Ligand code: ADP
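For reference, the chain that follows is the form predicted alone, supplied as structure tokens.
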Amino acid sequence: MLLGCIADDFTGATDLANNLVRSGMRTLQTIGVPSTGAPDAPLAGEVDAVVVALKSRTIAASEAVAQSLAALDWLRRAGCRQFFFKYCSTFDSTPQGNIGPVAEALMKALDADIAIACPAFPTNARTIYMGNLFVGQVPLSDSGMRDHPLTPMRDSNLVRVLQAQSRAKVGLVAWTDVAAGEAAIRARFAALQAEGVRLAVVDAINDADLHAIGAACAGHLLITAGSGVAIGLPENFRRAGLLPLRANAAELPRVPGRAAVISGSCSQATNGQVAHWIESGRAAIRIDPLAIAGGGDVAAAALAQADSLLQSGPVLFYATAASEEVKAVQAKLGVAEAGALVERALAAIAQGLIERGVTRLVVAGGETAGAVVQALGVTALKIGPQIDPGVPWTATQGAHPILLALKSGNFGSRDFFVKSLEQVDA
């Protein structure tokens, strides 16, 4: 295996894996750190990259570091040549972490002199200019992420955000250097190192920038970034004669059966996707956090309601709500408890759907996706074709595969739920 990746949430892991597959790397995503030793020879021969999906974005920084180091240890034993720490393209974090602490711990373990920090993903309208992260045409601090229930982002300046989390000095590779190409980027890395900088925020406003950054990082043992930078990495391995051209990297099995959608994200994008599904006349069942807190078996009731609906077509189960409603629920239950209640209920619904013959399942929201795949006992996913930028279909491993689309809350077109199921209609 060539590239070993550590992602801080499950949908972010599939986002990264999607970009690697589209660039011709056969990619396997594991759910958590595998419990066994390094991959055996057959697996190593069938996979070019592995993405270890953690659920570490919003946990305590010390625990995020411990989990990330465990993942690194497994990937090193698997023989990976380069390592990638993946976080969200909106740099989701708090003043305490977890991006800075995890990046520094990985650098120390690998004895890396410098590592980039670049969440840019221009295809999904995430760009960085002079160290400031933009979502579409607005700074991060003016976007919907300003009011994120777990990781509100009130500062768009990534140098400042990362420095608040890090002991090491943080610097900037400005777009003027990036636009000048690979050699200029490398020269700026050297200049920053001479100044004592160990973490370098890198500007990027288009895919050409990402390819140049990827090429400049060919010799870096560790890269920390969003999924965008990954598009520039496979070519490094090809130039080194380590990766052949692969036309079938995204192949998945055809899987007949029922289909459903589970949505726990409350992002603006997912709210629009839920609205589109309902407006198009498709079956939908709302999951109320307050009803769960009241002690009722909301999951069982929702599944009972869905029994007849599933016979006619896909059903959406959603806890998605506008930010004002989310805040009201959190005020009554507490932020952590409200999220945990919803995650447990949606995970139980996912289990019930599989028992009812659902084999194609779309899940919206990183925390929700993590809860669902853990409840289903999924240990690894083969990455398949892209649905929308950053979101592929995946297949569980084994004799009876299930197709899963794990969507980050902020990703996907308004018709994503409908479009994704049409793509794998058996």
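Quick note: we count residues from 1 along the sequence shown, nothing fancier. Keep in mind it's a predicted model, so treat the numbers as computed, not measured. Whichever C-alpha set is largest while still superposing within 1.5 Å between the two forms counts as the rigid core.
Beyond the structure shown, there is the form predicted in complex with this ligand, which is absent from this document and is the topic of what follows.
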The stretch from 391-399, 378-386, 361-369, 53-61 that lies within 4.5 Å of this ligand in the predicted bound form, judged by heavy atoms, is 361-369
Whether 89, 142 and 157 all lie within 4.5 angstroms of this ligand in the predicted bound form by heavy atom: no
With the cut-off set at 4.5 Å between non-hydrogen atoms, does residue 343 touch this ligand in the predicted bound form? yes
Answer yes if any heavy atom of residue 261 is within 4.5 Å of a heavy atom of this ligand in the predicted bound form; otherwise answer no. no
Quick one: is residue 214 in contact with this ligand in the predicted bound form, heavy atoms, 4.5 Å cut-off? no
Spell out, yes or no, whether the shortest heavy atom distance between residue 127 and this ligand in the predicted bound form is within 4.5 Å. no
Within 4.5 Å of this ligand in the predicted bound form, heavy atoms considered, which of 106, 298, 173, 266? 266
Answer key: of 100, 232, 289, 119, within 4.5 Å of this ligand in the predicted bound form (heavy atoms) is 289
Examine residue 268 after superposing the rigid core and state whether its CA is displaced by 2 Å or more between this form and the one not shown. yes
Verify the C-alpha shift of residue 68 between this form and the one not shown: is it 2 Å or more after superposing the core? no
